[in-house]
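Given next, in structure tokens, is a single chain: the form predicted on its own.
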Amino acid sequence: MASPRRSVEGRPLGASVSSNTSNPGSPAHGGGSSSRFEFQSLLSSRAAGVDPTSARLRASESPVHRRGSFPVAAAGSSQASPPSLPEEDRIDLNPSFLGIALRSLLAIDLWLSKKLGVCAGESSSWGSVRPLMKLLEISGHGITWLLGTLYCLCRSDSWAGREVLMNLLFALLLDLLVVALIKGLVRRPRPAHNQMDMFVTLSVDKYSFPSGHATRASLVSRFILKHLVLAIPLRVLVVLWAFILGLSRVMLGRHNVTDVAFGFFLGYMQYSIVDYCWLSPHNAPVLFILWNQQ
């Protein structure tokens, strides 16, 4: 009778197959039991309100999984990407170059304005010059120029003089309107070392940007140099008055340096508007007739 075929180790071939199929810890049986265990744990965790991720971790640490089963359910969880944050909740770690430059210029402006505020108080380094600076402040005030222009307009008896003075009055009113509008929109507070003892302030005068004295000084000085015949020393005095008036605003602590710089630029541009819309008896005859009747 022929003997059954044996394997290489000497055991019957059928015995090895039957031992593999009957071993419950083999991969063939362990993989199915592990999958059923993980599936049941996920169902129970969802019913109990537990996080599925933590349930998968507990399932992977189970005794069945440690005996050599294959993690079928854990492979699917590794492919899921984390949810992305909304755009407004993200932190911008790379600010723009323009933002950094503006913040640096603002810091330099505040530092320089505080250094130049040598007349901000009586106890400052130049506190003894403060009364003179306040007198210079009155010389560039809007009410001073409006009252002076109206007085000269009433006393003038020539058409040429009235035309110049009426356009100067128009320029001063335009300056007050534009400066008040920009101050109300920007609302930059005055420097912290400023003493609010200014001459005749209005509602928008609590704001700093731009400097109304600087715009008025630039506008009036350009107007005078254009329409009045003056000697060279007087023309130099007009320019010096405008420059020292703007500098006094920083020395008194009323404004920052950028407030005065932008004020000079704005006043220079305002005169261009006045020169373009120049009032004369030809283009505004009604205005001159009404003024002559008064």
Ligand SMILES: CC(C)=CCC/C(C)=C/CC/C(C)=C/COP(=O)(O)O
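Start at 1 and count along the sequence shown; that's the residue number. Not measured: the values here are computed from a predicted model.
The discussion below concerns the form predicted together with the named molecule, not included here.
With respect to the named molecule in the predicted bound form, the three residues Ser113, Val118 and Gln195 uniformly fall beyond 4.5 angstroms at the level of their nearest heavy atom. Heavy atoms of Ala160 never reach within 4.5 Å of the named molecule in the predicted bound form, leaving it off the interface.
The shortest heavy atom separation between Trp126 and the named molecule in the predicted bound form exceeds 4.5 Å.
At a distance threshold of 4.5 angstroms between non-hydrogen atoms, Leu136 is out of contact with the named molecule in the predicted bound form.
Within 4.5 Å of some heavy atom of the named molecule in the predicted bound form lies at least one heavy atom of His141. Contact with the named molecule in the predicted bound form, judged as any non-hydrogen atom within 4.5 angstroms, is confined among 126-134, 213-221, 160-168, 99-107 to 213-221.
Interface residue among Leu147, Val200, Leu185, Cys154 relative to the named molecule in the predicted bound form, by the heavy atom within 4.5 Å criterion: Val200.
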